[in-house]
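Taking the form predicted alone, here's one chain by itself in structure tokens.
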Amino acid sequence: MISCAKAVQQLWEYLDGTSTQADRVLIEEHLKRCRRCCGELEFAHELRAFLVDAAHEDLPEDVLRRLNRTVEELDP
């Protein structure tokens, strides 16, 4: 069984589906036996879903205007 540190280190790749098949098997075996890492997985899954949802929301017009003004001030 891999360590908790190794499982947590590879959690995002696991959630993104970019981990290798061998790593997926190791992580899934670890998650079957480790409640702590299951909690980490649940948190990471929820955070990822929140970030994906937030990325698709339009910015309010005033925030977009201020952001554009800030970019113009930075770009000489």
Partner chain sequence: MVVAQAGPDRGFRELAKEQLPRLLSLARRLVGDDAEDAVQDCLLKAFQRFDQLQDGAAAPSWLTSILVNCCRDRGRAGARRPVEIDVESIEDFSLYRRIAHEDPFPYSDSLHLDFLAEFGPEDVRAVLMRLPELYRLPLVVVYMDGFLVRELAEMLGVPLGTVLARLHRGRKLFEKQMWEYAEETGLLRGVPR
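Positions refer to the first chain, counted from 1. Note that the structure is a prediction, hence the values are computed from the model and not measured. So that the term is clear: the rigid core is the largest set of C-alpha atoms that superpose within 1.5 Å between two forms.
There is also a form predicted together with the partner chain; it is not shown, and the following applies to it.
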4.5 angstroms heavy atom contact with the partner chain in the model of the complex for Val52: yes
4.5 angstroms heavy atom contact with the partner chain in the model of the complex for Thr70: yes
The partner chain contact at Leu59 in the model of the complex, heavy atom, 4.5 Å: yes
Contact of Arg66 with the partner chain in the model of the complex (heavy atom, 4.5 Å): yes
Residues in 1 to 29 with any heavy atom within 4.5 Å of the partner chain in the model of the complex: Val8, Gln9, Trp12, Glu13, Asp16, Thr18
Rigid core superposition, Val63 Cα moves 2 angstroms or more between the shown form and the other one: yes
